[in-house]
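Before any questions on how it binds or moves, here is one chain, the form predicted on its own, in structure tokens.
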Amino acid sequence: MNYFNQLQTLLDASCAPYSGFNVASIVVLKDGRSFKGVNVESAAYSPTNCAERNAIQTAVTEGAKIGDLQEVHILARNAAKELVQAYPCGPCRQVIAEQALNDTVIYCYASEDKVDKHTIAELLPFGFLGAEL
């Protein structure tokens, strides 16, 4: 399925009044269900929530279990309103790895035709998945 158009529309729902950096994400579960998320900034910065974690948390709220996550799609737009290729931040990589049991693919769009594809294991090598706890 082509998620680019959905992501582009979703960017307008992002709340980034401080950075102007809008991010949209769609996560897809192994059963085919998909969930959307956008970044929501806070003036205090640390409470800011990233689009990827927002989408994953919505999926979990709707019943997704650890291991259900199959794909994460990401599109970003800078303050000049230009599309830019963005990758998950460190905390998002950690959450993706844990929810996917290190088995998911991340799609980072620069345009409809330019998409980088990486596994979460490539983006977070030697990830701590919590089995050691």
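Small disclaimer: the values here were computed from a predicted structure and weren't measured. Heads up: residue numbers just count along the shown sequence, starting at 1.
Separately, the form predicted in complex with tetrahydrodeoxyuridine exists; it is not shown, and the next lines address it.
Q: What stretch, of 63-71, 88-96, 103-111, 28-36, brings heavy atoms to within 4.5 Å of tetrahydrodeoxyuridine in the model of the complex?
A: Selected range: 88-96.
Q: Does any part of residue 56 reach within 4.5 Å of tetrahydrodeoxyuridine in the model of the complex? Heavy atoms only, please.
A: Outside the cut-off, so no.
Q: Taking the shortest heavy atom distance, is residue 19 within 4.5 Å of tetrahydrodeoxyuridine in the model of the complex?
A: Yes - in the model of the complex, heavy atoms of residue 19 and tetrahydrodeoxyuridine come within 4.5 Å of each other.
Q: Is residue 120 a contact residue for tetrahydrodeoxyuridine in the model of the complex, using a 4.5 Å heavy atom cut-off?
A: Answer no; every heavy atom of residue 120 is more than 4.5 Å from tetrahydrodeoxyuridine in the model of the complex.
Q: If we define contact as a non-hydrogen atom of the residue within 4.5 angstroms of the partner, is residue 48 a contact of tetrahydrodeoxyuridine in the model of the complex?
A: Result yes; residue 48 sits at the interface with tetrahydrodeoxyuridine in the model of the complex.
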